[in-house]
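The chain below stands alone and is given as structure tokens, in the form predicted on its own.
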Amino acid sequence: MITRREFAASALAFVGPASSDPDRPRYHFLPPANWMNDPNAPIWHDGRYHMFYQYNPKAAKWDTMHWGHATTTDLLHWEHLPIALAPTPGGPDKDGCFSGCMVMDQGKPVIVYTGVNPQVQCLATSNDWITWTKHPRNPVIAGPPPGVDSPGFRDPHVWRDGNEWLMLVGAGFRGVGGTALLYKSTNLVDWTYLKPFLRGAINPKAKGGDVSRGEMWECPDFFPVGDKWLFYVATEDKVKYWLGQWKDRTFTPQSEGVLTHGAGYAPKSSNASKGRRFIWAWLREQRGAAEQLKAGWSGSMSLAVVPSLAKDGTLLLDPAAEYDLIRGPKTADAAPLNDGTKLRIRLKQNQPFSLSRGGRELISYDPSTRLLTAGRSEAPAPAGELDLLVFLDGSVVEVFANRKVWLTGRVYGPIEPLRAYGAYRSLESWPVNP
């Protein structure tokens, strides 16, 4: 277990190199150094956002998972706090504290998370948000229900439903397809299995492991958006979502799609100020392991994204308005900037377009295939003329197309002048301060 002093020393030791690294994001959240992946248990409480995340405190590579912790009041200025969860030798999380969620129970924060080898569900609580005590009855769920042969059993999502708590756990039916398993409890400790929440099917064309094939669903999340409910899971190297109705503890999907394309994965939502909901995603690196180790850091968080419904009931996705507070004065065209850039680009119908930085293509649109790209990532463009909101931040390229498509990619190299190619109706840019 890493101590608070060791954590502080590792962070301070890396402030110099990290701050001068042109690939390192300046306004997307990430730890001072080393590896991070899934957002865990983001929550807004007493005017403050808490972000927990999968973290390896020792190196910029995946290894035995801890829970990192940071907090902010405005999404812009983050305070790094001591590690919240670390594996307990001989305990049910001895080989890693995997992803999970948080709820407030009788005024106290409760973390619900997965211990591994085998995968089980555990609890931890705190009186001060700094020191976390693991429940003496961990694991509170010791494995999948009888008769369910699942490739995995992880990433709990818990919410209040009337007088009971409900939990979804990512799982799958071996040889059939992914699922999320639904449980109920009155006290967060004693859980009763109810049923599969939704079922998927293996993708016969996919290659790789159980998650890549769609045999296993990771990171389920479920919450209301307008007069519907949004359910999403990470599987098949993407994030699939369904919009539908929730009644009598049964979810009936009415539409489906891909929540985030490209580098974004394993998203987690949180309550937010002004009655909003935020979705955060892990932005994966798109360069080799050796380069990540050399840089000393790996992974960042997406911007906080607000889901809503269009008039026709379809899903809209917008970056939180708070990011405009660090935006500088608008310029007439793309310009060389040192810290980051926000752009709004309106494209002409059926005309190709690309934006490059120092000869490295950041985004492009091909009307013949209707594919939108961000670095190595791609997504089908929404119908009609394209209105792109683009955030550049070190190696991060985050694109919102017509408020319908959320695409993220990574493009590495020095920060150099931007240059637009092809036809566009308008292009506006703003510097974004770190």
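The numbering used is simple: start at 1 and walk along the sequence shown. What you are looking at is a predicted structure, and each value in this text was computed from that prediction instead of being measured.
In what follows, reference is made to the form predicted together with a small molecule, a form of this protein that is not presented.
Stretch 214 to 222 is the contacting one of 143 to 151, 243 to 251, 214 to 222, 69 to 77, since its residues have non-hydrogen atoms within 4.5 Å of the small molecule in the model of the complex. Contact check at 4.5 Å (heavy atoms) against the small molecule in the model of the complex: all three of 62, 65 and 265 pass. Among the residues 341, 99, 260, 298, the one placing a heavy atom within 4.5 Å of the small molecule in the model of the complex is 99.
Within 4.5 Å of some heavy atom of the small molecule in the model of the complex lies at least one heavy atom of residue 282. Taking the partner from elsewhere, residue 377 is found to have every heavy atom lying beyond 4.5 Å of the small molecule in the model of the complex. Taking the partner from the other structure, the small molecule in the model of the complex has a heavy atom within 4.5 Å of a heavy atom of residue 38. In the model of the complex, no heavy atom of residue 56 sits within 4.5 Å of the small molecule.
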